[in-house]
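Encoded as structure tokens, the following chain is the form predicted alone, with no partner shown.
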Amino acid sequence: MSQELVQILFSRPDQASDKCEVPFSGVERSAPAGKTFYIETFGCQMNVHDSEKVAGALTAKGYRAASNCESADLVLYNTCSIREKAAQKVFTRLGTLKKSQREDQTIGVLGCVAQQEGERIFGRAPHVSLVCGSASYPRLGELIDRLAAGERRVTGLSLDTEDCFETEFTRRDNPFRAYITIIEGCDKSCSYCVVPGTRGPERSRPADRILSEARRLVGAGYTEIQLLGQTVNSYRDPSPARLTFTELLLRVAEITGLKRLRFTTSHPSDFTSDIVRAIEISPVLCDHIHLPVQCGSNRVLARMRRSYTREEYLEHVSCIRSAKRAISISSDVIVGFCGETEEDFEETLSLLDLVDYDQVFSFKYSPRPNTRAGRWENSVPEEEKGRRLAALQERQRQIQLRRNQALIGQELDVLVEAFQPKLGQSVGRTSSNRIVNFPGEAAWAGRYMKVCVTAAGPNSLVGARAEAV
């Protein structure tokens, strides 16, 4: 999955919609009166959606969202460990909170760092009472009840569960876009990646449950759905229907009232041409594919155990570029992996030129615990990693600027996502996942509009509502 770091504070009223896909009536509210919670999320879209599930479970128990961590009775950090910096940030937050922690305040660590570190977190941060991995979120209410009953520390760290998809309530943080997890875990065993150890093996959700949730969401007013998975296109329907990933995409796209359908993250080894054909024939499917390459050198790809070559990856790109409908491509790139030479890095730069990506999320390699590469010599000095990262990002910046400027004068369909009152601007997103800023109104959020592009930078577009041009 894309490693763009996202922080969502679900306790903030301006970000949380309070919409749930099922009503709360008839649910036992076991939290003492007035109990509040605060969640901070680190990581990718799957972590964001996990926090929505956690917030829904807590709301169903009678908790209310707090405006900040200091005032909350229950503080939860939903964590990402894919990069060392992300994991360190969590412990920094815990250290800061310890200074102001009230005696009656409960602190929990959720997600990948929780699964990776387990009970060691209690030794490093003794003021933490709850450590819970994502596979145990359906049991979160039970774990919190145990704390309320007087247990000092509780954990939920089992990965041996098929219930990881089904949480009774989900509090959505966005009133018009909704996430649905269709596959959990990963079987790919990349040498640098912690996901198999923190999320477990691949488990696909039955297609009928996915379709049922999608229909329910559209019926509740959501117009954009994003299907999620660490390797989303590795989906294998365990139900008797045995839908392929592409068949699932087309079935969801057929739901009346759904305007946009996205999916992330695709793995190159499971990428097939029928995904491109589906985007061609269904206007609901967004014209954007996130296809992480990680490196442009075959030698490094082999050490990464990425299970494809540069040439095979470029064949997928050629398939995407040959589509009857223009499809944008984004990717993830790691620089400075163990043993990466200057020649290897130059191959990555040349790949950027060949693919002409619309967006790249790039990072310096950082060794992760319990991975094969974590035991290898981290042979590229940090200073050199920084130089290579800066060079790659500048090369990609120029590519994005050129590609975005080519859109000047075009009219694009934009979903308005927010309003910036100080600038008097609406902020929207195109089907190709480009950000567009244009003069607007707060009331436009959630609406689809035609916007004419008038200017472009490397990271966003500027425009005007087509009717006003």
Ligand code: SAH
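Counting begins at 1, following the sequence as shown. Everything quoted here is computed from the prediction, not taken from an experiment.
What comes next is about the form predicted together with the named molecule, which is not displayed.
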Among 341-349, 97-105, 287-295, 213-221, which stretch sits within 4.5 Å of the named molecule in the predicted complex, heavy atoms only?
287-295
Whether residue 395 contacts the named molecule in the predicted complex should be assessed with a 4.5 Å heavy atom distance threshold; does it?
no
When the contact criterion is heavy atoms within 4.5 Å, does residue 363 count as touching the named molecule in the predicted complex?
yes
Does residue 265 reach the named molecule in the predicted complex, with heavy atoms at most 4.5 Å apart?
yes
Contact test in the predicted complex: residue 77 vs the named molecule, heavy atoms, 4.5 Å:
no
In this chain shown alone, the residue from 251, 177, 83, 260 with a heavy atom within 4.5 Å of the named molecule in the predicted complex is 83
Note which of 171, 306, 316, 205 lies within 4.5 Å of the named molecule in the predicted complex, where distance is taken over heavy atoms; exactly one does.
306
Would you confirm whether the three residues 192, 230 and 334 all fall within 4.5 Å of the named molecule in the predicted complex, going by non-hydrogen atoms?
yes
